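Next up: just one chain, as structure tokens, the form predicted on its own.
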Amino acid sequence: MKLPSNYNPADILLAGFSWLSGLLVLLCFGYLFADIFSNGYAHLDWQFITTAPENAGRDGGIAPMIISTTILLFFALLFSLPIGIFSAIYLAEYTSYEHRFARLLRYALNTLAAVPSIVMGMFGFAFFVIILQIGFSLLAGALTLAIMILPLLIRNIEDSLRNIPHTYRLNAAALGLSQVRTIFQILLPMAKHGIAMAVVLSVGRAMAETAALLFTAGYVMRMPDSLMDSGRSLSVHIFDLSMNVPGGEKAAYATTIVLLFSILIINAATVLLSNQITRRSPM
């Protein structure tokens, strides 16, 4: 990369540190992925993905955990996404940034985002499992995950809506569009990239969650029969194999590979879908 002649040493130093920082992030990711892949690749095959675990997880596969994780993610997003979108619409479109209730709501969201997952798990256990008598179930785990990812959804979608130039709102009002039509026909389609990114971040947070699910969804290894049945997520399975099952390290590494690839596939699919929507959008 050729630098302009008017660059001073401070500019060159800052550029060098920036490139070095980016390279360091890539190296950390590469080393992490290489370590996991080298230790778990030999244990990974099609049978591992499609069969149930045996011998406390040392043998067999992870099919029940994949199904349980999918159910947890689907219902966590099903419960949280509508609330997240409408809360973000309220914060961005129906109140000023300095409004007292809006400031209180943002403070609550920031606090909720900082709550440790083990505390959220204890809350989910006390409220959903005990008080509502849902019991250890995928439903209790999904509801707990929904609460955990709400701050990510709301703040990212709100920022996306606020970043849309105000002239679009003025033009829509000049054309006689109601605020509801402006939000749903103009603003939300324009904020689709921010919504997609919020979903990706939320999925990553939910798929990596362990402590909260131990207290709510449980950790049985069988295939779940319904939403009210207990189930074990991939992250909980990795934790159990690594900490509680002697000789389960290879299966834990192989499960980690599946989890990482699942997150990468979801991220890529979300980006591709968002790009397709953008190409077809008239905006």
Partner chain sequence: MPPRCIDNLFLRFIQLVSLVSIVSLLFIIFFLVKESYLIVQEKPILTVFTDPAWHPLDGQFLLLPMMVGSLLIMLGAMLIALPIGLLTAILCRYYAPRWFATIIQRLMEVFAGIPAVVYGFWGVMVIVPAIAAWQAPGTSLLAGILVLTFIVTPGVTIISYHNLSQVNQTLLHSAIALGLSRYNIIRHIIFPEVKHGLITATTLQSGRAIGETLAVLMVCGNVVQLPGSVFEPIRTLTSNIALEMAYAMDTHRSALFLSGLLLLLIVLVLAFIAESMQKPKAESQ
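Model, not experiment: these values are computed from the prediction. Residue numbers count along the first chain shown, from 1.
One more form of this protein should be noted, the form predicted in complex with the partner chain, which is absent from this view; the next part is about it.
Trainee: Can you work out whether I154 and the partner chain are in contact in the predicted complex, taking contact to mean some heavy atom pair no more than 4.5 Å apart?
Mentor: Yes, I154 sits close enough to the partner chain in the predicted complex that at least one of its heavy atoms falls within 4.5 Å.
Trainee: At the 4.5 Å heavy atom threshold, is T51 in contact with the partner chain in the predicted complex?
Mentor: Residue-level check for T51: no, no contact with the partner chain.
Trainee: Is the gap between D35 and the partner chain in the predicted complex 4.5 Å or less for some heavy atom pair?
Mentor: So D35 counts as contacting the partner chain.
Trainee: M122: heavy atom within 4.5 Å of the partner chain in the predicted complex?
Mentor: Taking the distances in the predicted complex, the answer for M122 is yes, it comes within 4.5 Å of the partner chain.
Trainee: Taking the partner chain in the predicted complex, which residues along 123-151 bring a heavy atom to within 4.5 Å of it?
Mentor: Result: F123, F125, A126, F127, I131, I147, L150.
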